[in-house]
Structures are given as C-alpha cells and as structure tokens.
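Presented below, as structure tokens, is a lone chain in the form predicted alone.
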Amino acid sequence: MSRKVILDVDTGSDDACAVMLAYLHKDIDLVAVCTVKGNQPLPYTTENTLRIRELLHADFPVYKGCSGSLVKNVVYPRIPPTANADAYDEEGNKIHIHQELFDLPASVRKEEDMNAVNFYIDYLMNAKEKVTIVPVGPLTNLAVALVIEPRIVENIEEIVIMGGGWNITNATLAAEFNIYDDPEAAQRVLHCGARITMVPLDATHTAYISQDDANELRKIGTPASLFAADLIDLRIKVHDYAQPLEVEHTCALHDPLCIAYLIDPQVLQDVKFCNVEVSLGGLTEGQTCVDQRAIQENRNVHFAFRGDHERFAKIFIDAFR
C-alpha cells in the first residue's frame, strides 16, 4: 500500500528531484506539494514547482505558503557568512546550484487558491488516515500551522525533515541552510510531538549521487530523467567548486533522500534517537545541537548520521525507469 505524503519545498534543483521521485514511485501517494521561500523567493519556488508538475504531466495540487520566516529579519537582517555557492562552466559563465527559474516551459495551471498553512490545517483536521509530511526547505509553513492548530499533529504519521548537520554545515560555520533560514520554526516543529526523522547533511553527503548515476538517467531518455540528469550535472560542478564530497565528482542530492527513506528506511544509516535542539541566536544561530550522551532526556528526533549511496542511487534511478 502506498504511503500518503505531503511535500513542502523551496524548489531549487534537489527539491525538483524530490518532487519527481515522490510522484514517480509506486510506493508514494503524493497528496500535495506546498511551497515556501528558501532557495529562492516564494514566486520562484512556486513557479519552479509548477513547471516540474507540468514536466511530469501530473495533477497533484500545489499550495503556495509563507514568503518569509517567523521572526528572523523582522527587527534587523541577519545575513549569514555563506560560502560561495557559485561555480563556472567551461566557457567561464557563472552557474548557481539553484536557478531562479528552471529552463522549462512556463506553467499553465497555477497553484490552488488556498494557502499552504490553511491547507495543512484543513487537510489534517479532516483526514481519514494519517499522512507523512516531508519538509525539505525552511519549516515555516508547518510551524505556523502547528501554532494555529496544534491538534493537526494527531493525523501526522511522521515528519521527515531534510535539514541540519552534525559534522557538516553549508550556510554558516555552524548551521545548515534550511534550519538557519528559520530556526524558530525548526525548533517549534522538533517539539510538536510527532515522530520525527531528520535527514541532515551528514547523511546526504554520504549518500552521494555520481556522474555515472546521471549518465544512467540520461540513458532512460524521458523528459523527466533528462532534466534530473541535467540538475545532477549542475550540482556536481558546484560541489566540486564549493564543497567537494568524500568521493570526487559527486554531489549531495539532499531532498530526494527523504523520499528514498520512506521507500526503504535502510537508505539511512547510523540513525540514533536523540534530543535535538536548534540554537536561536549568536554565532551558532541555526545550529543543530544533537545530544549523543548515553543518558539523556527529552529524546525527540531520529537523526541519521550517514546514508547509503548504492541504495539511494538505485531507488532514484529505478523510479525514472
């Protein structure tokens, strides 16, 4: 029986791959996709999501969510010392890991009239069976919904978060981007009472995707597989330039790893049930603080410290076949 899933995305390159994997795999029933500001401003993340839907000839609804974080930047801007995420192609042109708009036809069918926060509340308060929520961008939409109506947690089977990092960061010296972008929202969701699995950079960087994997997707030859291969090529270039992984000429395809976990939980390795908190200020703002002591209280998150490259690549490529 397929698992009901709501995806919450800030659609850049890896979010697009997550949407495609969730829609294409037989074990996932993609109920809806919600969008949030993150990799790009909300109009771009929403339009990119709509363009992916049309590439797939799919019919899942898209709900536009929050255009900013809960409290961050309200009083004063907090700009991270972000590592340079740009790279350059063979002609010397600058490329970025997340394009403003995908080079795909503009969407014809638009997002739903209801916003993502109201959708969460309406759907979860009336759901006949529990649903899994997979936020792979900042957690603002879900946090706001939980503040307005905490009872929605009763119909959440699991929350699978792409975010955080133990030994690896990418936004600041201490923080991963999704958590840094709205740390207060992340802290609210981590303590909502639902079962939570966290897929951090430690897992996504070890469950890497290679150039060989991109070549296999290109052999399949569908519009979706070719677009996924192009996105992987782009990500490999940027990783090689800005954040090389342990295996040369590979990339972290963060967000689809959350979907792969729902299909095969063994794709995540060294998963520990820990108390996880988010730092809300100072030099460590947005840091994922993971308690690994043998004796600890308030365990709230299943935190994955590694991922399985071979399992992940097979799940991802087979879905496109």
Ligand code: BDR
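Owing to the predicted nature of the structure, the values given are computational and were not obtained by experimental measurement. In case it trips you up, residue 1 is the first one in the sequence shown, and so on.
Omitted from view is the form predicted in complex with beta-D-ribofuranose (BDR), to which the following refers.
Asks: Looking at heavy atoms inside 4.5 Å, which stretch does beta-D-ribofuranose (BDR) contact in the predicted bound form, given the options 27-35, 275-283, 251-259, 62-70?
Replies: After filtering at 4.5 Å, what remains is 251-259.
Asks: Quick one: from 186, 203, 142, 162, grab the residue that has a heavy atom within 4.5 Å of beta-D-ribofuranose (BDR) in the predicted bound form.
Replies: So the residue touching beta-D-ribofuranose (BDR) in the predicted bound form, by this definition, is 162.
Asks: Heavy atom within 4.5 Å of beta-D-ribofuranose (BDR) in the predicted bound form: which of 155, 99, 170, 115 fits that? Just give me the one.
Replies: Contact residue from the list: 170.
Asks: Quick check on residue 209: any heavy atom within 4.5 Å of beta-D-ribofuranose (BDR) in the predicted bound form?
Replies: No, residue 209 sits far enough from beta-D-ribofuranose (BDR) in the predicted bound form that none of its heavy atoms falls within 4.5 Å.
Asks: Do residue 136 and beta-D-ribofuranose (BDR) come within 4.5 Å of each other in the predicted bound form, heavy atoms counted?
Replies: Yes, contact at 4.5 Å.
Asks: Taking beta-D-ribofuranose (BDR) as it sits in the predicted bound form, is residue 39 in contact with it (heavy atom to heavy atom, 4.5 Å or less)?
Replies: Residue 39: contacts beta-D-ribofuranose (BDR) in the predicted bound form.
Asks: Is residue 177 part of the interface with beta-D-ribofuranose (BDR) in the predicted bound form - any heavy atom within 4.5 Å?
Replies: Answer yes; at least one heavy atom of residue 177 falls within 4.5 Å of beta-D-ribofuranose (BDR) in the predicted bound form.
Asks: Check each residue of 8-44 against beta-D-ribofuranose (BDR) in the predicted bound form and list those with a heavy atom within 4.5 Å, in sequence order.
Replies: Residues within 4.5 Å: 10, 14, 15, 39.
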